[in-house]
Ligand SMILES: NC(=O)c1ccc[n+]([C@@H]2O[C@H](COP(=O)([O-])OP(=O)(O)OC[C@H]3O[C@@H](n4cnc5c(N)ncnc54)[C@H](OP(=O)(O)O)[C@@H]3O)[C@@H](O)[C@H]2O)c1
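Just the one chain here, the form predicted on its own, laid out as C-alpha cells.
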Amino acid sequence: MKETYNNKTVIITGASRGIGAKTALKFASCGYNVIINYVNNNHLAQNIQKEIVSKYNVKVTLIKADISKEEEVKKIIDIIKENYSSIDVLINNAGIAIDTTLEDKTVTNFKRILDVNLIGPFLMSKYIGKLMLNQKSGRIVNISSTNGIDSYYPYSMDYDASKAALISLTHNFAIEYAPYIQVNCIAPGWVNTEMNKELDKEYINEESKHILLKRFAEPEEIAESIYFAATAPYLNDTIIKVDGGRI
C-alpha cells in the first residue's frame, strides 16, 4: 500500500557516495523524502540510508538501476508511482570518467561515458519530467563540471565533452518544460571525491594555486549549491560554476 508523506521528495542519481551522498543528506536534513539511485555500491547506499533514517524523520528508498538504460529508468518510474504521490526534485548527479592518453582512448569507453553522463540525465529528465508536468511543478538540477565550460584536460576530453553536452541539455529541457519545471545546472570545479582521490599531491597543490580559495571543494559544499539550485524560487535555465574562483 502506498504510504502518504507530507514531505517533498527528491531523487538523486549516483547517490551512494561523494557529492550524491552528501546531497542526499542535505535534502533529508531539510525535510525531503529521499530516493537514492545507485548501480554497484549497495553497501554504501545502505549506509547513507541508515544515516538518514537515524537522523531525520523522512522516508528513504534505495533503487538499484543503471540510468543509461531506458528499461531500468522505466523501472525507477514504476517504483516512484507505487510509493510516492509526487516527485518534486530530480538531481542528475551520476557520472563517470575514464582518464587516459589520447592513444589509449577507445570508442567503447567514450560511448560508456556518454551513456552515463549524458544519456542517463536525458532519460531521467524525460521520464521524471513527464511526472512533474502532470503535477505542473518540479525542479531538475544537472551536475555538469567546469570541464564542460572552460577547464579543459586532454586526458579527460571524453568526460569534458559529455559535461559540455549536459549544459546544452539543461538549456533545452528548461525551454521544453517551461513554465512548470525549472531546470538548472551546477558546474563544480575540483572536488575531493572518490574520482579524484588518486591524484598526485603535487598535482593537487599545483591546481590549487589557480583557485582563489586555494583548495579543492568538499562534497558537502557542492551539495549546498545543489540544494540552492533546486529551491531558489526564480532560478531557471542557469549554469552555476562552483569552483572556488578558478583563475
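Bear in mind that the values here come from a model prediction, so they are computed numbers and not experimental data. From 1 onward, residues are counted along the sequence shown.
Form predicted in complex with the ligand: not shown, discussed below.
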Can you tell me which of 183-191, 25-33, 204-212, 47-55 lies within 4.5 Å of the ligand in the predicted complex, counting heavy atoms only?
183-191
Contact of residue 62 with the ligand in the predicted complex (heavy atom, 4.5 Å):
no
Heavy atom to heavy atom, is residue 141 within 4.5 Å of the ligand in the predicted complex?
no
Even though the ligand is not shown here, does residue 170 get within 4.5 Å of it in the predicted complex, heavy atoms only?
no
Since only the chain is shown here, I'm wondering whether residue 19 would be in contact with the ligand in the predicted complex (any heavy atom pair within 4.5 Å).
yes
Near the ligand in the predicted complex, with a heavy atom at 4.5 Å or closer, the residues from 96-132 are 96, 112, 116
